[in-house]
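Given next, in structure tokens, is a single chain: the form predicted alone.
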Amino acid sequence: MQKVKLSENLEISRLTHGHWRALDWKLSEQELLKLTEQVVELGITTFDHADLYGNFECEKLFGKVLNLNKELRNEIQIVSKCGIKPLSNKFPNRQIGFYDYSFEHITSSAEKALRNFKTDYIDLFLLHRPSPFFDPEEVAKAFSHLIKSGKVLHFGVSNFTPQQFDMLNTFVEEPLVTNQVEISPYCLEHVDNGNLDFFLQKKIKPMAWSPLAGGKLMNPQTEKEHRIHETLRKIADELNVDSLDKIVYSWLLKHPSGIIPIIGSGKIERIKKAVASMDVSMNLEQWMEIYVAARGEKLP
């Protein structure tokens, strides 16, 4: 498995295992341990979380799994996120969902993640979404505190625009190392808003959530989904590839920005397909054919 350097001191696997829907997998702790060990054996050593995943339960579950095999922590990198305060039965007094990037919330979220994962440090901690109320000096103060205490080793963001990323980067002591955004043949938002160009300019490797568009590309319903699906199938036939998953992951991996797809599956066979996509050799015309299908119109 190829490794990607996000900074001088942080190297992660080119593919990441995402635990957004880990509770939906309906796996026991022992079954999730087995899956995690199989994923690591495949070379995927980076695991993506957020405090609110599974109504604030996914981090705890993964911590229990790591406790069953304490050696695993030395082999993996943990990514987590904070900042979203959703409506939840865990917080019955909360009136609305909102974002909080106060010093207290960032630091307390990191402390809670450490307890949940039963670890002394988080490899990479991200701000989950940009907020209309955002004090970069306070965020920088929280980052500095967590880095100096050794509790978080690196920071990044998620779903930020180039301007938002650049703005925060001017305040923090240690440069942000990644931006986790939605990228797939279905979602071209971060192609259109200049983010991929920004990543290339700044030599930032982006992480891609929902690379399969939540299953829309595999089980199409709308005209757009059918259009992309048929193009993926055509190219899969041309390349003699047995799975559309592999074509989508190959499309992402081919982009020169160095996209790091997050695989959100609890099925080892689906994860193996993602790994096998690294051996698919797609040419530029095929890559563009998928892009044009996603746009729904020819290039000018």
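Worth saying up front: this structure is predicted, and the values here are computed from it rather than measured. Just count from 1 along the sequence shown to find any residue number.
As for the form predicted together with another copy of the chain, it is not shown, yet the points below apply to it.
Shown without its partner, this chain lists 34, 270, 60, 254 as candidates; in the model of the complex, only 254 has a non-hydrogen atom within 4.5 angstroms of another copy of the chain.
Checked against another copy of the chain in the model of the complex, the candidates 226, 203, 148, 90 yield a single residue with a heavy atom inside 4.5 Å, and that residue is 203. Looking at residue 1, you'd find every heavy atom of it more than 4.5 angstroms from another copy of the chain in the model of the complex. For residue 121, no non-hydrogen atom is located within 4.5 Å of another copy of the chain in the model of the complex, even though that partner is not displayed. With a 4.5 Å cutoff on heavy atoms, residue 285 counts as touching another copy of the chain in the model of the complex. Taking the partner from the other structure, another copy of the chain in the model of the complex has a heavy atom within 4.5 Å of a heavy atom of residue 167. For the three residues 28, 276 and 296, a heavy atom within 4.5 Å of another copy of the chain turns up in the model of the complex in no case. In short, of 216-224, 176-184, 192-200, 111-119 it is 192-200 that has heavy atoms within 4.5 Å of another copy of the chain in the model of the complex. Of the residues in 126-147, those that come within 4.5 Å of another copy of the chain in the model of the complex through at least one heavy atom are, in sequence order, 129, 131, 132, 133, 134, 135, 136, 137.
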